[in-house]
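One chain comes next, on its own, written out as structure tokens in the form predicted alone.
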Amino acid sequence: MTPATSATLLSAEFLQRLERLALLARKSQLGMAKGERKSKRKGSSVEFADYRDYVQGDDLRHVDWNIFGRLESLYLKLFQEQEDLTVHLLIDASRSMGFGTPSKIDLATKLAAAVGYIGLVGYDRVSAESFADGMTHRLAPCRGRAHAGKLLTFLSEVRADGKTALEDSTKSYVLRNRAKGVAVLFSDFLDRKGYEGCLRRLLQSGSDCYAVHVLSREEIDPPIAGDLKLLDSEYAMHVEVSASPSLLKRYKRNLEGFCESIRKYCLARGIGYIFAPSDESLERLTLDALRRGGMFK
């Protein structure tokens, strides 16, 4: 399949539709810089929040002198502080993500581009990282629509290679990126060490966390029959099978159990779970599934 480019990752028409959306932060996040989002903290924006009694040492410029004229009591006007939100995009770029038509990495990077673009348009801080065992590619945090080209170019250059290392990669990212916000992990979660460790690490970031579970149609409904030799793309191991109807039925039952176990694990810990077949419409996943999952408004 032809690799995506920044020009083909998302169409201009789709980008316009994304501009109507805004990322939601379920938790009140403390950003490093002033932004476009309301905070629980009281600050110095122009949006009025509340009054409180004046105490010695308060800035007299914030005293409401109209109230003092009526009540002869000093009250301080409080204003809504505005803070920025950090959007963390983590993309599993292990070799298994290159499987399928379209490939899982193709959908993962397009979804990441959509989420990141919405963040940039909303003046949120966006950072992205793709990783596999021993390989990491990073996009430094950026903010504002002017950086959309940089984000799309970075994501269009992500390639699937190397072995899966979900927990180690997620742990490393969380330790290097302390800003809280919205963290989205795109992966097939096919890791011999399991998925629990990486999701636990992601949750420790203190951000609103989402797990986007990407599988190919060939994995969901394998178009196979007869005697086959199946090759593990990451470990170069193979297994010989006779793809009978009963074996395929057992495979699908196991796959459903695997997906359901991730969903329940996420649900129990407040992590948003979105199942994303790689042949599903990008528009439907973004404008419907991710939106219903509470990521956008």
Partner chain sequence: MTPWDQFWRNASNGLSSAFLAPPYLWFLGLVPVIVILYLLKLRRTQVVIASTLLWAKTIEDLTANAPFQRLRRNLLLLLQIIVVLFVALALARPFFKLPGTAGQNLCLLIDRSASMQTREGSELRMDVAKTKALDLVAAMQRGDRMMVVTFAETADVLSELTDDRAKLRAAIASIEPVDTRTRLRDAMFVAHSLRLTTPDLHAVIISDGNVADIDEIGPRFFASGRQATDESAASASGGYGLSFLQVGERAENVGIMAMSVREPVPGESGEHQALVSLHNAGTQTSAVTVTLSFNDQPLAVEGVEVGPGEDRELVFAHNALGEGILEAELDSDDALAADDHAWLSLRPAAKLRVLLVADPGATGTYFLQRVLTPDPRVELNTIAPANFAATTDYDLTIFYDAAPAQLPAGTLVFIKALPPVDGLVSEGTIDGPPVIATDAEHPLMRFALNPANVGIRSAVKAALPQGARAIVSTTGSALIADVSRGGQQIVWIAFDHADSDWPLNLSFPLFFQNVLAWVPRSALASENSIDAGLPLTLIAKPEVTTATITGPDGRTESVPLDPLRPVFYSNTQHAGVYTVQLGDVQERFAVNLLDANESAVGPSATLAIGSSELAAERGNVRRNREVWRALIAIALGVLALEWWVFSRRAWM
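Positions refer to the first chain, counted from 1. As the structure is a computational prediction, the values presented were derived from the model and not from experiment.
The discussion below concerns the form predicted in complex with its partner chain, not included here.
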Problem - All of Ala225, Leu247 and Asn254 within 4.5 Å of its partner chain in the model of the complex, heavy atom check - result: yes
Exercise for the section: Sort through Asp191, Glu167, Asp208, Glu129 and report the residue having a heavy atom within 4.5 Å of its partner chain in the model of the complex. Expected result: Asp191
Practice task
Please pick, from Phe68, Tyr265, Tyr54, Phe258, the one residue with any non-hydrogen atom lying within 4.5 angstroms of its partner chain in the model of the complex.
Solution key: Phe258
Completion exercise
Only one of 105 to 113, 68 to 76, 183 to 191, 131 to 139 sits within 4.5 Å of its partner chain in the model of the complex by heavy atom distance, namely 183 to 191
Practice task
Decide whether Tyr123 counts as a contact residue for its partner chain in the model of the complex under a heavy atom distance cut-off of 4.5 Å.
Solution key: no
Exercise for the section: Examine Lys229 and determine whether its closest non-hydrogen atom to its partner chain in the model of the complex is within 4.5 angstroms. Expected result: yes
Practice task
May I ask you to check whether Glu240 falls inside a 4.5 Å heavy atom distance of its partner chain in the model of the complex?
Solution key: yes
Exercise for the section: Considering only heavy atoms, tell me if Asp161 and its partner chain come within 4.5 Å of each other in the model of the complex. Expected result: no
Problem - Contacts with its partner chain in the model of the complex, stretch 86 to 106 (heavy atom within 4.5 Å) - result: Ser96, Phe99, Lys104
